[in-house]
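Shown here is one chain on its own, the form predicted alone, set out as structure tokens.
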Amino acid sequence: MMSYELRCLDLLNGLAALPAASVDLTVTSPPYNIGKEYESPRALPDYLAWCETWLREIFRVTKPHGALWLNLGYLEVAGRGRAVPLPYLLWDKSPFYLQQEVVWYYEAGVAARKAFSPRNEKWLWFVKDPHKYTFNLDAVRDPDVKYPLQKKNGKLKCNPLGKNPGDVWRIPKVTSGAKRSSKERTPHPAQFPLAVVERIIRACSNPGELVLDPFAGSGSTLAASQGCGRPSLGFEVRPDYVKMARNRLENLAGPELRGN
């Protein structure tokens, strides 16, 4: 059975303790430097320098065939833009190779009055070696095919397992509020859905390989890893979030799957 470990400590301390080339896949979402309850906003150059530090550490602990999936939103850059996508500022701040940008689209969200309402976030898919990396397309094919039995020259045009999901993923956001709260909702203010992480884990790692989340938050990466048959490791600096995530993970697991 797969297991998880969630450590209450700063990610730089946690990453420093890991051996080089010990992690198969990292799936994480850092603070966006926009003043959420779990962060202290920094001057933009300081924030970008901090991000570069842990990006390089993640690269160090990643195995040669491994990958990093980074969930990023947007922030205001004084005098330049109200909603500048963080991928524009961070994509080149690590030694990783940027394989692809995936757009996560959702319908629920904050309503805007002087701009279009934001309805997407970005996932940057980084690989350590662009010539040798894990990608299990058959594990994540979309069975919702309009003409599954269509043939050409007597052969099915579509893979029997379904189609490639593409680079725009329409997956509902984890919502809150009376009568509309998602079943997987926790008190964490920035929780991404298990369906997104499960697709990433199944596509970019193999059963039994280690998945890391250095900004563990509500524990979604660890929970998704558990469901996908991967051991996982998370770092989270806030004790209250660690307690929240551990309670969530214990509710998902039987006694034999209790984490450390």
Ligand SMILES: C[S@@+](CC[C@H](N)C(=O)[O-])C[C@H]1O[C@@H](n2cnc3c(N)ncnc32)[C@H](O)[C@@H]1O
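In this text the structure is predicted, and so the values were computed from the model without any measurement. Numbering starts at 1 and runs along the sequence shown.
Same protein, other form: the form predicted together with this ligand, not shown, and the subject of what follows.
- Here the chain stands alone, but in the predicted bound form its contact with this ligand, taken as any heavy atom within 4.5 Å, falls in 26 to 34 among 26 to 34, 199 to 207, 224 to 232, 61 to 69.
- With a 4.5 Å cutoff on heavy atoms, Glu250 does not count as touching this ligand in the predicted bound form; it lies far away.
- At a distance threshold of 4.5 angstroms between non-hydrogen atoms, Tyr47 is out of contact with this ligand in the predicted bound form.
- At the 4.5 Å threshold, heavy atoms of Lys243 stay clear of this ligand in the predicted bound form, well away from it.
- When contacts are judged by a 4.5 Å heavy atom cut-off, His188 counts as touching this ligand in the predicted bound form.
- Residues of 214 to 248 placing a heavy atom within 4.5 Å of this ligand in the predicted bound form, in sequence order: Pro214, Phe215, Ala216, Gly217, Ser218, Gly219, Ser220, Phe235, Glu236, Val237, Arg238, Tyr241.
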